[in-house]
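Shown here is one chain on its own, the form predicted on its own, set out as structure tokens.
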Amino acid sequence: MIIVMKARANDEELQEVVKKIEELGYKSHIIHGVERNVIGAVGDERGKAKLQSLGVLSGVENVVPILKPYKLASRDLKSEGTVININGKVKIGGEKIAVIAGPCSVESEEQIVESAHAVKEAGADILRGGAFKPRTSPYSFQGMEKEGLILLAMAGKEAGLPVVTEIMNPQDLDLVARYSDILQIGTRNVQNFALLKEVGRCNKPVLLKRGMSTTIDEFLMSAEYILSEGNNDVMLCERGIRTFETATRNTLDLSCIPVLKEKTHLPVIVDPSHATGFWTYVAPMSYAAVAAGADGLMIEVHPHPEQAESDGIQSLKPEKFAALMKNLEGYKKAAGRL
């Protein structure tokens, strides 16, 4: 259920509704809107009749059932798009297209610092870099772990960029959160519900990647796990799905962007690097993603991709990334974005 407050309802009336919701055994989630606030009441579906009675409380305009299984992620709960503020420096959602860029993995101090300065100079907003790397083979490079986190945070600070990195294990949450500004949930962990719940209890924005075979509704239900624990700062990342096609690493599902925009208020990011698997396709798919309505891009950039420990073939060299960023301006303007 969502409880829609009157436009002039005060904080005392809002808190009274929250109190009643929790007395009925439900979790309350306050969503602050431009004109009015709404409260999501999440819990046992059998108690809807009790929640309907909240309509008599002072300050309540209406009580509306949400039919979709993803209650908090649904546009029924919040009609306007969510804008996530990263350290007061970057906003994801809204009019501006946010660009996240950097290498697949942190490999050395020199490599990550050079990458950070290169993407910053080209106009990127956020630095990416993996410290814990989930790999198909147990014999592949697994990341520098804590040392990688320290180097990533240092490079981000030096370049003046917030950083995002992947968390794989709930027991590493405190460590990863200490050094990163955004927690990334990778494609292989999109339905790791224990991990989703843990990051939902953490006061850090979350970038949730779509699984290779995850439907849109399953994707939104994974986001719901995070939201239901109290973390409202969730962004969704389309990074390609598994199909019969072998010409690219995955198949970039551009159609999911307008579908997600219709179904949810959460920002949508597109990762054309993992979706295509080849650097030559990254730029055109970036432009297409912006045209389709994406709120941001996540692009792999490496100063020496031929020497990269992972995903070198899909990583742009700094000069190619700079050219992409320059060309992107025209597509952003055409799409009515900044």
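All figures in this text were calculated on a predicted structure; none of them were measured in a lab. Numbering starts at 1 and runs along the sequence shown.
Beyond the structure shown, there is the form predicted together with phosphoenolpyruvate (PEP), which is absent from this document and is the topic of what follows.
Next item on the list: Classify G186 as contacting or not contacting phosphoenolpyruvate (PEP) in the predicted bound form by the rule of any non-hydrogen atom within 4.5 angstroms, answering yes or no.
Entry: G186: yes, in contact with phosphoenolpyruvate (PEP) in the predicted bound form.
Next item on the list: Answer with yes or no whether H274 is in contact with phosphoenolpyruvate (PEP) in the predicted bound form, where contact means some heavy atom within 4.5 Å.
Entry: Yes.
Notebook entry, point to check: Using heavy atoms and a 4.5 Å limit, would one call R239 a contact residue for phosphoenolpyruvate (PEP) in the predicted bound form?
Noted result: Taking the distances in the predicted bound form, the answer for R239 is yes, it comes within 4.5 Å of phosphoenolpyruvate (PEP).
Next item on the list: Using the partner position in the predicted bound form, report whether K120 sits within 4.5 Å of phosphoenolpyruvate (PEP), counting heavy atoms only.
Entry: No - in the predicted bound form, heavy atoms of K120 and phosphoenolpyruvate (PEP) never come within 4.5 Å of each other.
Item checked: Contact residue in the predicted bound form, chosen from K263, K71, K133, K78 - any heavy atom within 4.5 Å of phosphoenolpyruvate (PEP) -> Exactly one residue meets the criterion: K133.
Check: Using a 4.5 Å heavy atom cut-off, which stretch among 83 to 91, 143 to 151, 186 to 194, 169 to 177 contacts phosphoenolpyruvate (PEP) in the predicted bound form?
Finding: Stretch 186 to 194 is the one.
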